[in-house]
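Here's a solo chain for you in structure tokens, the form predicted alone.
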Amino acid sequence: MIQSYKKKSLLQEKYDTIIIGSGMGGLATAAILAKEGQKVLVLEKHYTPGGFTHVFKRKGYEWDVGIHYIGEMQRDTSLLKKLFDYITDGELKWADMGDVYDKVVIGDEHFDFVKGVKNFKKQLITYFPEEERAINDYVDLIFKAVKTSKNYYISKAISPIWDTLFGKFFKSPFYKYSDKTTHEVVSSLTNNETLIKVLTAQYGDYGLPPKQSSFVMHASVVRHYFDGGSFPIGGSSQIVKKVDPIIAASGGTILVSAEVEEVIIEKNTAVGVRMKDGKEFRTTNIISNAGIMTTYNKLLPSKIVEKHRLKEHLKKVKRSVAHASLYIGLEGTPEELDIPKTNYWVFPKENDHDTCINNYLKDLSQPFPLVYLSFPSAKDPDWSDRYPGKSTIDVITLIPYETFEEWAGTSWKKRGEIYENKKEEIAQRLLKEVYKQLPQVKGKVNCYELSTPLTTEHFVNYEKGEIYGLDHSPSRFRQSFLKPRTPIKNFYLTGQDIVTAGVGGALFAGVLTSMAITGKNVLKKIL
């Protein structure tokens, strides 16, 4: 049954804009449009809003499903911090994770990523003293690549006429970096395989290994964390809680358990949505934050998809990687269990990242190519007030969708014994990795639960359980259709597919989509 996120909210007769999906892109777009005086209706298929920013509770614990750390929050002048402050009226507060935000573990060796550019370089040089020049050149390149990004992304929001006239000027400097793979760029600076493996260790943040990923995607992630990592105080559910009043202030509403069946299009103009229960909402603008694959495959009428050959677009991009997450609940406070705030990126000792992935995909009994450990209960200073005497750990690894595909179409929590056994096998392997890195937590685990690509498919509505929408390959950044405007009048896109993976990309997508709809320089206002 469709219901308001906040029980007291009243449905309006008419809305200026309807947004499908309440993930970060949808929430950001809604808040910005609300501040422009628009009445916005956000429709969320599931019973809890937020997409990858939502939390779930089980057995007296709480886990954040998608937000593990955010960069640039400790610097008030950063664009991302200003954006978050704008869409929450400065109500969302952040906790600094400390000096070491990421620890890279290769076999038995540890390499710390320390916040602050000078500290980052200095620490790396202590591990690789003979590679000082390569490390300095690498950091310089990160900044150069990121600098070209702003104009490239702004070009997605400008009118088609302006794009024809000035698009090349905006995009060409960016393509110089986006057309190259991460490995291509980094291996041109050094042939030290361990250093390359360390520098590219954060590939899990965007899901594509160095020989396949675009260097600009890698550069944006690395730059994003140079000032350290932060975590929302009170957990990631605070994002929806702080954005909701902004939407409501202009008469807008977030509806949950509200599944859209189809976008209603008349004379090539989007005019409303038809819900799963048959109810219709009419509006001036419609925005999909459901991801471009889901939007074109499921939400638009087939005649419109054929007319504009939208399936041809989808052939030019690939889905990102699927994953499994192990959510662990422990007895004892983070302090008692000596749980760190620092994230752990754990890799096999042998081979480069791409080889490790290839070996694993051929035979899933091979070592996990990557195991990521995050400790939200240690990062959140408010955690022990809400959950005294308890701690949590999130563990993530790559799992192909095909591993669980035979259970596609079955109901959540009712997939059968073989499925559960397969989950248990993966959970035990991941627990073993946790005990290896944090032996002190053995015997303290109270409960654990593994999510599979089918879980992601169910809760986030990505068809193949992909975590980052589209793959961040060099060719992805050449696709001109990945922008807010579509060939359908008054129908727009937002979210990570039109910018880049993650919360930061989805947040900025909200700015671009708002600019495309209003024709105003919203970014100038925010800054």
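Residue indices: 1-based, along the sequence shown. Everything numeric in this text was worked out from a predicted model, so none of it was measured.
Just so it is clear, the following notes concern the form predicted together with a small molecule, a form of the same protein that is not shown.
The candidate spot formed by Glu259, Phe459 and Gly502 is fully in contact with the small molecule in the model of the complex: every one of the three has a heavy atom within 4.5 Å. Although the partner is absent here, Tyr468 sits close enough that one of its heavy atoms falls within 4.5 Å of the small molecule in the model of the complex. At a distance threshold of 4.5 angstroms between non-hydrogen atoms, His218 is out of contact with the small molecule in the model of the complex. In the model of the complex, the small molecule lies farther than 4.5 Å from every heavy atom of Phe477. Under a 4.5 angstroms non-hydrogen atom cutoff, the small molecule in the model of the complex has Ala506 among its neighbouring residues. You can rule out all but one of 330-338, 167-175, 286-294, 401-409: in the model of the complex, only 286-294 has residues with a heavy atom within 4.5 Å of the small molecule. A single residue from the set Trp63, Phe52, Phe491, Phe481 has any heavy atom within 4.5 angstroms of the small molecule in the model of the complex; that residue is Phe52.
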